[in-house]
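Shown next as structure tokens: one chain only, the form predicted on its own.
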């Protein structure tokens, strides 16, 4: 009865997770989709607690309460600007869990093998929980389990260190430049080959033995995750976050296979496949090879970059306000700088005032704007900007030549013409928002720095571009009284 109930609840939870994932594809349905996910997870946890094989209620409740409290505190403290690094940190935890589960399974297998060698049938019969399930497996099932354990630990270890480095880059604690050790891809290939050799040895060893092989592979996988992500430049971190999301999903699926938990397998497959699809879509949007992303082979320049000539010309709030008064069409391009300044509410108010004057105001969203897929969409939705004026790059890029004013708020790489003009640029070939084709371009920026990725932007030096220096929120707030 317990097993049947748990299975039924798992099916309901899986359906809710699918509905949640589907609902997140649209801004209008996203809030409802989040509740689907919350309710599905609540059902899954409840079914697991009352399902067969569970015996330590007190410890489970303590851990759930502790985790819930920590999650609540973190969620209340983390700003929207810190969401990308928070997501990376969450991915690292999933990877670490996969490593722990795999190592624990190997320890349990060793204990069971020792009991069998000693002929202690009474101790074998007294086993409970996960150990009991392992003791009931035959030779073929144990061999399959060893494959699952090895792959789960490998994926989890890569995900853990890769996510830690991604967190460091996003948080500014690790250099955003692409860095590789001497030997580059050969080191990754060597570590992968060593892991494959260890896997063959691990599978040939008797069940319950080979812990040193598992540990050695874990260390190699830790290195692969570290070196892969260190070799990717800051301009490409949104793709990295999406890719690590996929890895964490496959790590969760591997945990599900090891534990014999069908729901974990389904959820892990959903996360892994959706993350991979999103990574592929983003790679196409950046004109990158999906394989090169997986191998950490992009983010650096191929040669000396073109020299940028000219000077950045500043403009004050009066000049921007006058241009907006004279304009009929305006396109606003938000970026990570808007998130840092928490300027979305001010931008939304500017939009409302301009639209009240009959001006055509729209937003242009690049697929990798910010440092997380959908980052800008979330901020604009939070500020209640109408969904119908928030346009994707492919929908709006051709409209810039007929636009009077383009306002860039805290963006750099996604509006960088070097992607088209400089074959040696780290972002060469990446589709960008061609805002320089508008009649006038105003760039809201704190200073003259090159930005997070360290790539100089020729847009800032063009004849029709003016630099509106200062904190984005303060700068927009200066405009508001002038546009009544």
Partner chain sequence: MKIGTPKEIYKGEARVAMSPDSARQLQKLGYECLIETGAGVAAAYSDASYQEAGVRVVDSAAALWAEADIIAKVRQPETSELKHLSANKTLISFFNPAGNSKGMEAAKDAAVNVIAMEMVPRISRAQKMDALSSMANIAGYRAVIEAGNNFGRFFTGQVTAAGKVPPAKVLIVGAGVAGLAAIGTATSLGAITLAFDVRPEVAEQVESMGAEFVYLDFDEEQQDGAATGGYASVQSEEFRNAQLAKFRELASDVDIVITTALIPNREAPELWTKDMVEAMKPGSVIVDLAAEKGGNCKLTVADKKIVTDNGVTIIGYTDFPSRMATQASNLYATNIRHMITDLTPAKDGQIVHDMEDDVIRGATVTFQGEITYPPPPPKVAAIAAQKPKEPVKELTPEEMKANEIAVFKTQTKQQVMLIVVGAALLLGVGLVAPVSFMQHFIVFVLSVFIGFQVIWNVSHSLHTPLMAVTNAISSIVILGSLLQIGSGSTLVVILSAVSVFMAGINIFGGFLVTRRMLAMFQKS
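Numbering follows the first chain given and starts at 1. In this text, the rigid core denotes the largest set of C-alpha atoms whose superposition between the two forms falls within 1.5 Å. These numbers were taken from a predicted model, which means no experiment stands behind them.
The protein also exists as the form predicted in complex with the partner chain; that form is not presented, and the subsequent description refers to it.
- Between the options 213, 324, 282, 164, the residue in contact with the partner chain in the model of the complex by a heavy atom within 4.5 angstroms is 282.
- Among the residues 117, 388, 311, 318, the one placing a heavy atom within 4.5 Å of the partner chain in the model of the complex is 388.
- Not one of 189, 289 and 456 is positioned with any heavy atom within 4.5 Å of the partner chain in the model of the complex.
- Proximity of residue 431 to the partner chain in the model of the complex falls outside the 4.5 Å heavy atom cutoff.
- Contact annotation for residue 242: at least one heavy atom lies within 4.5 Å of the partner chain in the model of the complex.
- At the 4.5 Å threshold, heavy atoms of residue 20 reach the partner chain in the model of the complex.
- Contact annotation for residue 257: at least one heavy atom lies within 4.5 Å of the partner chain in the model of the complex.
- Note that among 88-96, 192-200, 324-332, 410-418, the stretch whose heavy atoms approach the partner chain to within 4.5 Å in the model of the complex is 88-96.
- Contact residues in stretch 28-46 (any heavy atom within 4.5 Å of the partner chain, taken in the model of the complex) are 30, 31, 34, 35, 37, 38, 41, 44, 45.
- Positional change of residue 381 between the shown form and the other one reaches 2 Å or more at the C-alpha, relative to the superposed core.
- Taking 2 Å as the criterion, residue 351 counts as shifted between the shown form and the other one: its C-alpha moves by at least this amount when the rigid core is aligned.
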